[in-house]
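Next up is one chain by itself, shown in structure tokens, the form predicted alone.
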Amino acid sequence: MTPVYDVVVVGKANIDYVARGPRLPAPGEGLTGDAFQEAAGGKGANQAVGAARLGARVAIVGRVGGDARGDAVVRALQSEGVDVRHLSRDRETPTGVALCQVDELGRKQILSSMGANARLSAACVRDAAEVFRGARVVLTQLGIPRDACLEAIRLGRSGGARIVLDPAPGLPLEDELLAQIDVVRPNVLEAQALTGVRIRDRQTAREAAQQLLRRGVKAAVVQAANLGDVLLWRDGEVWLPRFELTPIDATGAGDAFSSALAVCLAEGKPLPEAGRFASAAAALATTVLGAQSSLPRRAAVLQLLATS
């Protein structure tokens, strides 16, 4: 019998190199930092780990190289209980990498090299068709080739799954694609790329979310600068204010939000509850250096919710 997965993630898998310094360097400037971390990462792998730590049954569809970095990515996912049978290995292209710089306020900038992620094809996704059968939620991103993303959405919908899109990196999308999405979760820059609305505050985030709904998305969670998130759907709206925690590194916070949201939807929770749970998970992820290392477990999220 084919296992039923709560969340199937289709996305990038990398190795992250993270350096922290007093501030982010200007062009041409060299700075001395105070911390360094090398760890498995990539939005797809991060979101798979995030969902697994929250108790979900998770499978990932992605591509890494046949190199030591790829081995490290696979080991990290397996250690979290993620099904990696469809994390395919590319013998010609190395595993992708991300170079992450973080300042003392937790702000980040990231430069990535796609590597084997660029060779995740629609055929690779079709080869994983078994994991989509009975899946409750399919979570995917724009950081993989478009045909692979579209195939993930198609297979997810054909199996009756809800589709969550993390639209990173920010790119314009046609209405036909947006109409297939149950929940989209853009940050400020991604929302502007999708809608043309410059996000400055809660009202402009709401305007972007309204536009996304008019274009066919069933629900949108739009980041409102550093204030919080607007969650809008056809029958309601919720404001998700930021939790007041001291940030160390924002890397992985968006992945924590998306994975937590997907887990709640897989559990059948209503959107307002799912949004608040996801917001708490994202806040906790900012308190630890690195991406996968920062992704919280369910007990920590529930504790934050109970004390806030």
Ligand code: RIB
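In this text the structure is predicted, and so the values were computed from the model without any measurement. Numbers for residues come from their place in the sequence shown, where the first is 1.
The discussion below concerns the form predicted together with the named molecule, not included here.
In the predicted complex, does each of G50, S259 and S294 have a heavy atom within 4.5 Å of the named molecule?
No, the candidate spot makes no contact with the named molecule.
Given that the named molecule is not shown alongside this chain, does A225 nevertheless sit within 4.5 Å of it in the predicted complex, heavy atom to heavy atom?
No, A225 is distant from the partner.
Does any heavy atom of N46 come within 4.5 Å of a heavy atom of the named molecule in the predicted complex?
Output for N46 is yes: heavy atoms within 4.5 Å of the named molecule.
Just to confirm, G252 within 4.5 Å of the named molecule in the predicted complex by heavy atoms?
Looking in the predicted complex, residue contacts with the named molecule include G252, since a heavy atom lies within 4.5 Å.
Does A98 make contact with the named molecule in the predicted complex, using a 4.5 Å heavy atom cut-off?
Result yes; A98 sits at the interface with the named molecule in the predicted complex.
Within 4.5 Å, heavy atoms only, which of L150, I110, V238, A72 is in contact with the named molecule in the predicted complex?
Partner contact (heavy atom, 4.5 Å) among the options: I110.
Heavy atoms within 4.5 Å of the named molecule in the predicted complex: which stretch in 264-272, 241-249, 38-46, 59-67 meets that?
Only one stretch passes the 4.5 Å heavy-atom test: 38-46.
From first to last in sequence, which residues of 8-30 have any non-hydrogen atom within 4.5 angstroms of the named molecule in the predicted complex?
Result: K12, N14, D16.
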